[in-house]
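First, one chain by itself in C-alpha cells, the form predicted on its own.
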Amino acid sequence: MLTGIHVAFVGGDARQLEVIKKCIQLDATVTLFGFDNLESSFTGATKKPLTCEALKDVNALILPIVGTDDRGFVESIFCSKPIQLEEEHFASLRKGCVVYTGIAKPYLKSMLTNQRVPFVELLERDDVAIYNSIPTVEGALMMAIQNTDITIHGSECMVLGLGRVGMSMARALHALGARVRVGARSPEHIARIHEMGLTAFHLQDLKQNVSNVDMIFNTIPHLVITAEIIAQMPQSTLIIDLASKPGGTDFRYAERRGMKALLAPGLPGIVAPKTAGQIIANTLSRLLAAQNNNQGESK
C-alpha cells in the first residue's frame, strides 16, 4: 500500500492514466498537474495548476515517459496550455522527493542534478524495457503487414541490434516463419544469435548482407543504415526504425530512392497504451512502496 505518500503527476498520455489508477487503488494521495481537459474524473485525485507551492509536500513526482524537452516543456495530451518545468519547481521539492520519468534528457538531468533531487529513469530498467518490448514488437509487426505486399512468413528479415527489443523482435519474426538475420557487434550477442537458431553477422559486414532483404528492423540509436548501405538494398525493402529519435537510418536518402523508411519510436504508447501503462504502473508501485518504507525507517 502507498498510504501516507503524496504522488504528483505532471502531464503525460493515456499510459499515465493506468499509473494514476494504480496509485489511487493503493491509497496514495494523488495530485494532477496538466490534466485540465481530462474527461474522466478520478475519485481520490485532485487537479491543481502547477505552482511551486503545490509541489512542496510531494513525495514522488511522476513525469511522462519522455520527461521534458530541451526547454523543460512537458508533453500532455490532457492539457491545452503548455506546461514548463523550471529550476524553481525542482528547488521547491521537499528533501527526499524522488522524480520518476521514462528517460531524462539533458535539460531535466541538469535541473535535477543541480537541485540534488534523486531521479529514476524507468526505461533504463531491464524489467520495464523487456516488458515494453512486447507491445513494441506487436506494433512493428503491424506496420510491416500494413506496408508490404508479402507475408512475413518466408520473407528475408533483418534485425539490427540484439538488445531487449532486438531479441524480442528476432524471436517473433522467426516464430512467424521469416528467415531472420541479426546484426550485432559483441561476441556474446553473436553467440546468442547462433544459440537462437538465427543467422548472425557482424555489423561491420552490414553492406554485404542487404542485397536481398525484404524488411529491416533497426533498434540501434545511432546512424547504422547509411546512404551507402541503402544503396545496396532492393527498392522494395521496408525499413522500420524502432530506435529513439532521430533513429539510425538516413531517411533523406531512403526517400530519394523511393523506399519506405518509417521511424517508429514509442510504439507501446501508440498500439497498446493500456498495457504499456500497466507495465509502468506495476513497476512504479513497487518503487514507491520501497521509497515509502525507506523513508519511514529513516525517521
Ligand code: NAP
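Numbers for residues come from their place in the sequence shown, where the first is 1. Computed from a prediction, not measured in an experiment: that's the story for all the values here.
Keep in mind that the form predicted together with the named molecule is missing from the display, and what follows is about it.
Although the partner is absent here, residue 101 is not a contact residue: none of its heavy atoms lies within 4.5 angstroms of the named molecule in the model of the complex. Taking the partner from elsewhere, residue 242 is found to have a heavy atom lying within 4.5 Å of the named molecule in the model of the complex. Although the partner is absent here, residue 220 is a contact residue: one of its heavy atoms lies within 4.5 angstroms of the named molecule in the model of the complex. Taking the partner from elsewhere, residue 163 is found to have a heavy atom lying within 4.5 Å of the named molecule in the model of the complex. The partner is absent here, but in the model of the complex a heavy atom of 264, alone among 261, 272, 38, 264, sits within 4.5 Å of the named molecule.
Only one of the listed residues (203, 227, 191, 91) places a non-hydrogen atom within 4.5 angstroms of the named molecule in the model of the complex, and that residue is 203. Residue heavy atoms within 4.5 Å of the named molecule in the model of the complex occur in exactly one stretch of 212-220, 113-121, 151-159, 80-88, and that stretch is 212-220.
The candidate spot formed by 171, 178 and 249 lies out of contact with the named molecule in the model of the complex, as no residue has a heavy atom within 4.5 Å of it. Annotation for 171-185: the only interface residue with the named molecule in the model of the complex is 185 [heavy atom within 4.5 Å].
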